[in-house]
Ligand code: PFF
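As a starting point, one isolated chain is supplied in structure tokens, in the form predicted on its own.
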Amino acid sequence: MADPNAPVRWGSRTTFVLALSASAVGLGNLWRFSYLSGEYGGGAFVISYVLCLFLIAAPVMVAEVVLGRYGGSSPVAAIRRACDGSLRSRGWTLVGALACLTSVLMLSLYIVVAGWGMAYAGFMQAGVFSAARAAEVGEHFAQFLAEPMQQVYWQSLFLLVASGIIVLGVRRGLGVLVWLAVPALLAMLAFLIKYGFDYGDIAATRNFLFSTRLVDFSGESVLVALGHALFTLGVGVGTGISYGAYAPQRIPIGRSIFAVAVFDSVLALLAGLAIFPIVFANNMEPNAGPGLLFISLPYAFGNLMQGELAGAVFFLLVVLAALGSAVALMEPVVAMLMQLARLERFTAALIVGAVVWLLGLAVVMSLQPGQGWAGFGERNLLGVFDMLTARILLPLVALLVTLLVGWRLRPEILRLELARESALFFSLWRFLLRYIAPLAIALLMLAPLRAGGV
């Protein structure tokens, strides 16, 4: 008889790869990778990032997918079953709970920034920034942040769309989304790259992204590359566990994850080719974060020919990339509630959506003047949640996954799930997971303490 608790599975390996690819193409890939490569040594940083991605982040993601394939769709339930199968303590299920907590906090940030993107797509299409000065664009963003109800409207609309996709289920929701989103992302990127080549400064972009400046490269650069590799591949948030449970039977997990890593790297470089020619064409200094997305780029597009159309396309790209990541962050938490609390998918999605909406509301209200948190250096909740997830929770979950899968689970269980991979691949993967990844992630977590930070 069929197992009534068995997760629904996608029909093809391609859907699984596209789903993980769509989750990896988050907001960070649209600006952070290119900026970091220019800031921390150019080509040397890119090489470090690729090495960290394939030698550390990808092996950890393989471990998460193995957990999902063996244990089920929920991170907590999957880890519990894996521990039972290896006669280990169920206390390891705390790792699944931490992954879900990380997902919720990150999702509360995504809905806020994605809401900004939706609003700015409308602003660009309406020509709000046409021939505007940089100071005027900065003032517009400050005024937009000072209007919480407008932000709440847009983030609520984005969260409603993401929740609707989750409610539709694994095949009709997540599966259909990734088949539509990934081609649309590539098409919009192609349009923006063509626009950048036509109207941007390609020479300055080439010097910024691809020149090798060893004077800017250091041990800190390697740690930054590692942190970004973990972040962009979606390690530590439970996505790999949930999506691994939905993968078809007997897929080559290792090769599939490495295909996602290649796609992630290529897309990050393409995003740099789309964004920075526009920035340099207006003689602006590249910077990271909201300042680039919502001040530098609107100003740049507003002062170029056909910039209103290109700017609207860019912000739609931001929203679509955020949507793929948002559903990937939401699904593990919904799956956990469905399995542990025996809730229907609609009810679980409603509960998670309500919690995320309230957290997003708190983030928006903390952006108002005078609302910084003194205990966190006067940061608003956007900065606090970003610090907690990127610096603490995400690497902590990744480290615990390496210890659980690499040291506590029986090798026979792992080999069974990686049956499509060669013995050499399995041995190399397990070596990286047991010895290289834990040490590297531990160094990443200790680095802020050495610098006197959090």
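Since the structure is predicted, the reported quantities are computational estimates derived from the model, not experimental observations. When you see a residue number, it is the position in the sequence shown, counting from 1.
Same protein, other form: the form predicted in complex with 4-fluoro-L-phenylalanine (PFF), not shown, and the subject of what follows.
If we take heavy atoms and a 4.5 Å cut-off, which stretch out of 134-142, 73-81, 208-216, 236-244 is in contact with 4-fluoro-L-phenylalanine (PFF) in the model of the complex?
One stretch meets the cut-off, namely 236-244.
By the heavy atom within 4.5 Å rule, which residue out of 225, 106, 162, 336 makes contact with 4-fluoro-L-phenylalanine (PFF) in the model of the complex?
Contact residue from the list: 106.
Tell me, out of 221, 232, 86, 151, which residue has a non-hydrogen atom within 4.5 angstroms of 4-fluoro-L-phenylalanine (PFF) in the model of the complex.
Checking each option against 4-fluoro-L-phenylalanine (PFF) in the model of the complex, the one that comes within 4.5 Å is 232.
Looking in the model of the complex, is 4-fluoro-L-phenylalanine (PFF) within 4.5 Å of a heavy atom from each of 26, 325 and 328?
Heavy-atom distance to 4-fluoro-L-phenylalanine (PFF) in the model of the complex: all three under 4.5 Å.
I'd like to know whether residue 129 contacts 4-fluoro-L-phenylalanine (PFF) in the model of the complex, with contact meaning heavy atoms within 4.5 angstroms.
The answer is no: residue 129 has no heavy atom within 4.5 Å of 4-fluoro-L-phenylalanine (PFF).
Contact between residue 110 and 4-fluoro-L-phenylalanine (PFF) in the model of the complex at 4.5 Å, heavy atoms?
Residue 110: yes, in contact with 4-fluoro-L-phenylalanine (PFF) in the model of the complex.
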